[in-house]
Structures are given as structure tokens and as C-alpha cells.
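For this one, two forms of the same chain are given in C-alpha cells, first as structure 1 and then as structure 2.
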Structure 1
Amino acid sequence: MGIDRRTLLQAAGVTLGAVALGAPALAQSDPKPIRIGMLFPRTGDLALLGEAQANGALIAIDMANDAGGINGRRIEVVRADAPTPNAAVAEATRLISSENIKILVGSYASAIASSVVGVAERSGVIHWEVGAIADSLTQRGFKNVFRTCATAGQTGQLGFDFALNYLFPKLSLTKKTARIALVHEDSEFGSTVAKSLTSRANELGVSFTTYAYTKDTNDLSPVVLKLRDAGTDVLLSVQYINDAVLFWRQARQLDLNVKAHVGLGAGHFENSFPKAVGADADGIFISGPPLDLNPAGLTSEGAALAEQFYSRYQKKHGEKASSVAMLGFAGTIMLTQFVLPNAKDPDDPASVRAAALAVDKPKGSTPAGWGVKFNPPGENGGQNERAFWIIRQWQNGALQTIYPEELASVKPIMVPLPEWASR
């Protein structure tokens, strides 16, 4: 029995191999498309933003195909749905083994990406991550995993750099005099960002006070009162939407007046936040993926790509591109514009990897403001070391880009934040 099955499997393997070998031979007469697998959550809780990111990525593919493809070969996208880590593993395996995909683009969520990268690495297939930010993705020593966007750890760095370089001079504060507080919810997410903030603060020699709380709370007045007692000048917060809303409402109710509030979590980022607190959102800084950058801070190439992206997205989807879509686009355009055209054989992962590692583009070359330079395999291998997050600010119910200054689209408002009594 066992021998029979093995023989059968071998026969199947030989047949599949023959089919795979036969494909390039056929390509000589009629250029075969380059096939790319796209793996994003299309159903379930993550679908809304996962789909937005995929839409951004697909604009990059459209642009490559409209320009005649990669060296004359069109890109054909094979899509899959990855609502959960388990589904992601199954679908990645399917794309690799039955669709014969050599490059996977994904995947919006860190939980999804974490499980896909293992499959890709084992199968010797490239995983091109455009949106998942967990630091660990590029710390597992994999050589086939590339990440185009910045990481969760960089959020903490940005928070203190922004406070020190930008806010302190405007508020006449110094490292010694400023009373800084960090408020964070204590789940994995909040604690990770808080840790990265703490290590950056230690590097910079800044001291601050931390207040952690559980996010399913019905009352944050004790936290607000402690911050009020301490006379906090600059407030950094890592919160989800529920607690962010509760906190800021209670800050008003209990008259907690800070000079600046920088939100480093997911809570202040979505439109739900100004919907919940109205004009009280104005003046809050948030960190996050780049969008609406000043074209003057981009290279001519980056500015042209940005313009095309915004207009194509508006035309195709009838709405303005979000920052989540921008991550999808900026990451995928790196692949189609800078990597694949220079790969000797775009169907061979080894030559795609070599081409990716050879890219060296300065800051501002992509529509997200980033440059492109991937770390070689090893420590944090495959991470784009020229990616970063930016700071935006709620102004009249909309987010505006503030920092880094060369990419700022407008001037900040409400620095310092006015006291509640006068709002």
C-alpha cells in the first residue's frame, strides 16, 4: 500500500514538474503574464480595511499594465481571501501549490501576515508585505520576506522625536521642565507601543510618568484626575476607539488641560473619533501611515506617482484614498516600478530577491514619502529601512499632515491646546 501511494505521489510530482517546466518554453512565442498572488482579508472583521489596502495595491498593478506591463509582460493578479490566520495559511498554500504563484502581496493585518510569512519562506516564495506592522515579521531571520512599510516599534520613536523636536520649542518646554505623561491601555497592542516609547525616552534622556488601564473600562476619571493633579504638559496616549472617546470626554468633563495631546494608537485615527467627540477632536496630533504629503517634499518621481494614485483611486472607487490604501499602493508600486523591471526572471524568487536587495532610492521617491532600501538577510532582514510614520493633526474634523516638516501640508493649529473653558 505505502509503496503504491509513494509511486503515485512521485508520478504526480513528475507531471506537475513537467507542467511547470513547460510554461516558460511556451512563453517565448507569446509573452506570458507575470502572476502575482494577492492575499488580504476580504470577509470578516478585517474586511473593510483589508479591502481598502488591496484596492490601493491594485491601482499599482493597473498602472503597470496600462504602461505596457513589465518589460512587455502583463501582470495577472490571483486574489485570495484571508479573514483569519488559519484561512491565510490555507489560501497561501493553495496559491503556491496549485496556482504556482511565486510572489505573494499582502496582507494588512499582523496576525494574518505572521502566519503567511512562514508558508512563503518554507516554499521559497517571495512574501511582499505592504501593511502589517508587527516588528516580529522581519525578525525571524527569513530571506524571502520583504516589508515596505514602517513598523509598530517606530511609532514610539516618532512620538518622542515629535514631542522633543517639534512641540517643545513651540511650547517653550525643555527636557528638564516638561511634565510628560503616557497613558495607554494594557493589552498587547498598547503595551508594545508603550515599551517602544519607553526605550526611546531612555535613549533621549527624557523622563515621563506612565498610566496604564484596562481598555474595557466604563470610567477613566481616576486616570484623568491623576493627570490633572500632576499638571501634565504633554500627553502621549495609546488607546483604542472606545477608551479614547471615554478618556477625552472625561478630560473635558473634569477640566484636564494639557498643552498638547499626541495619540499614538488606533483610537484617534478613525473618523469615529471626531464623530464621537465633535470639535473636541481638533488639535489632537496622531501618528500613522503617510497620506496627503506636500509634493515639494517628494522627488519628481514620487510626486508624479502620488498624483496618479490619488486621481486613479478617486476615479475607480468614487472616494478619496485612505492612508490604509496608500500603504497598499506605495508598497506594491515599489515592486512593480523598482523591483520587477530589474529582475532577470520575474518568475524566479531568487532573482526577484536579488533585484529587491539592489534597490536604493532616496527619501521621497515613493508617494508615501519613503525611500527604498531593504535590509539584507540577517537582523531585521527584508525591512525597508527608509520607511517611516508621520504625524497628522485633526483640524476642523479632517486630518492634516504636520510632521516631518518637509512633508507638511499645512501649519498646525491650537499649539498650545486652548483650555476647555474657552473651547
Structure 2
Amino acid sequence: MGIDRRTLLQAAGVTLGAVALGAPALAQSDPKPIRIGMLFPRTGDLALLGEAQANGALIAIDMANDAGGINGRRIEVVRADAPTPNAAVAEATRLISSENIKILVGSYASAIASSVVGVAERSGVIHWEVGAIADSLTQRGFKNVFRTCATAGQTGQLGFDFALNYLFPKLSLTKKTARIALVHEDSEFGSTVAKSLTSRANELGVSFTTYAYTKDTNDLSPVVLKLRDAGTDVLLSVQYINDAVLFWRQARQLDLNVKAHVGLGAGHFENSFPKAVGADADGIFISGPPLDLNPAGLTSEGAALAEQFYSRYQKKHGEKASSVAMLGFAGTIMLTQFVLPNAKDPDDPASVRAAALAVDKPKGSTPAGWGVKFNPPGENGGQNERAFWIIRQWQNGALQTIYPEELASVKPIMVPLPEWASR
């Protein structure tokens, strides 16, 4: 049966009409989102800092989505609670198998991250670590694990070098005369930092005394008394927040007077520390994550990102961002700004991995002052080799950046620390 011209035009008109009607619907439909699993402690002892780090990470996600997404695709976050290593393994497995997640972002605590990275590696998905610092995370030969921040070993080495090169001259101490002590909790975090510090001290020919204790202890007076009786000049400590507060309160009660105290890690750099011990926090140095850097030490890109982060965080949460939140933001903004836009397929871990390994940003490019360059698979593979810690000091209830000098905002105070009787 033949089809005449009129019939053809009518048919064409129907077809074109259908296309015309359908076209706006297609144009308005959203492309499939990029789904990211976010795994932090939301309950339990680590919830406070875990949530703070997640809040920083979510600011980076907000910025990407507000700018139109990743090449037009919004990021959809699937949250999970990881209060313990066992829970972290269960939730990581659920996100990967049930939610089909290809990128996990986490995890704040080293014990949690140490469990999750194995799950991610076996499952062939990316684990993007923004806050856990145990050196071992990137020393297991995994190809799917990336860490954006510096390591526990680096915080110990920086704190020790700062004491030796900066504090010793001001305190008229020498390698031979100084009585140095290290106090640390005995989880993987504390033990790793202690190990790196010991290695550094051996390299420099400096001896010191070590006191380890169980993380969940409720009495540190035996350690405090030993330090007092030994006449400790310079104290280095590796503690979480609860034991850091307990230790410093008992140091005052038992009149432990040291000339300088350098905290190495999580226990001293959150606002919860001065809230708990008040003005007694003043004068303590911290080797830890960057915050409130001098913008002159950043590139224009890094300075702009920092300004947006501080502004958005204050507006969203009604308080100033902490250094733990900065770790979450700085790490996640690397993923959303430098990696995913350049991945051929953001849903394919191999593409994401290739894009991550291709990033090459100089120092100062991020709001944390870091550059970005991930080590290739192998020894320490996936570690951002351009991340570093800084030295800050509590001054009048606020942490101030004092080292390195190009990022410093103020000069140090209270060197030496006044004795408790005069504070």
C-alpha cells in the first residue's frame, strides 16, 4: 500500500509534534547524580569531632552543587555512622553492596579508617581519607586509598623539631641538658606518633622519657607525678580530647610545672579543650592541622577557597570552623574541585584514581596551605606528599598560627610557661 505526500506530512507533523512536546521534558530532566558515601562517627565517644569533620566535608559538597555540580551532575551524599571499627566495616560494606557507592569519604579516626580501607580495596572502590593520620593507612600497598592530610609521623617530627630548634634556645636548654618527656595514649594513633618521634630523636641524638597509658583511663595522676618528680622541662603529648583534659586538670592539681607543652594531635586543637580547662589552655603549642592561615601565604585560589569555607561554615553552623572541620573541607574540596571534574567517568573508580594521580597543585593551592600531589601506588601510595602540619598556640582562648613563618598570624607568648601558682 502506497503512502501519499499528505499522509507523509501528517505523519511527520505528528512525529515532530511529539518530539517538540518531549524536548522540553528531556532538557529539564536532571542528569544522574554522582553518589558519594560519607562515613564518619556520628554517635559514641568520637561523634563530636567526627561530625565536625563531616560538616567541613559537606561544605565542599555544597559548593560543588551550588556551582552546578560536576560537569552538570549534582553530588548526592549517602551518610553512614561509624562509631567503632566494626561498625565502620559493616556500614562501608552496606554502602558498597546495597547503595552501589564507588567513592567513600571519611573517617576522622585512624582506627576506623584502618578498617575501612581494607573493605574499599577488596571491593575496588575509592576510599578518600580526609582526617585519619596513622602512617599505616598508605603503607599497605593499596591502589584505591588516597589521603589528603599529613601523617602522624609528620606531626611528631614537626613538634619535636619545633621544640628543639625554637623552644630550646628561648628556654636556654640544650640537647644534653633538657629533660624531655613524651606522654601518649596507646591506641594506634598515639603509638604511631610516638614511634615517629622516637625515630626522629634518635636521628638527632636526643634522649627523652616516654610514658604510655590506656586511652580510656580515668586517672592519670601516676603519670603526672612521675613527670613532676623527674623535673620535666619540655612536655610532648599525644592525646585525644578526654584524656587531654583529664591530664591537664591533674597537672594543675598536682602542680606539674613544665617550661613548655607541645600537643601532638587531636586532644588539644579543638575548642572543646579550652572550654573544658579554661585559661589553663593558654600557652600550649599544638602541632596539627592548619587553620586561620595568613592569606598572603596562599595562592589566590587557596585564599578564595578559604574565604568561602569560613563564611559558609559560620553561616550554616553559627560558629567558627574548627581545624577538624578544615581537614574535612580541604580534603573534600580536592576531590570535588581537582579530581572529579577531570575524571572521564566519575562513577568508575579507575577513572577517579587516574584523575587523582594526575593532580599537580603547588603549595598554597588549598585553604589548608597544602599543595596536591598524590604518591603513585607503591611505597606510601595515595598519600598527598604536599600536605603538612603547622604549629599553633592557644592565646587568650583562641588558637593562633605561629609556624611556619610565612603562614604565621602572630608571635608566640608565654615562653616559658608560668608556674601554676602564678597563673
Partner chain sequence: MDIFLQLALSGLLLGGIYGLLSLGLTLVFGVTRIVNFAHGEFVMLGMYLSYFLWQLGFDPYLTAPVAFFVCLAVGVVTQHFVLRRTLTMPHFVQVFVTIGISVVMQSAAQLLFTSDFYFVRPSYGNAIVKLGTARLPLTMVIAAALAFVGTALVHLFLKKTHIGAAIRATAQDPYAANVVGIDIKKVYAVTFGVGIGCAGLAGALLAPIYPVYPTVGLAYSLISFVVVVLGGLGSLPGALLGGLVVGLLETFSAYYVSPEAKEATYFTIFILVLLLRPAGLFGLRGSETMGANH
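Sequence positions of structure 1, starting at 1, serve as the residue numbers. The term rigid core refers to the maximal set of C-alpha atoms that superpose within 1.5 Å between the two forms. The shown structure was predicted, so the numbers you read here are calculated from the model rather than taken from an experiment.
Between the two renderings of this chain, the form predicted together with the partner chain is found in structure 1; structure 2 comes from elsewhere. With the core held fixed, Q337 shows a CA shift below 2 Å between structures 1 and 2. The Cα shift for S123 between structures 1 and 2, taken after rigid core superposition, is smaller than 2 angstroms. Relative to the superposed core, D161 undergoes a C-alpha shift of no less than 2 Å between structures 1 and 2. Once the core of the two forms is superposed, the Cα of V223 has moved 8.7 Å between structures 1 and 2.
Fit the two forms on the rigid core and the C-alpha of D282 turns out 3.5 Å off between structures 1 and 2.
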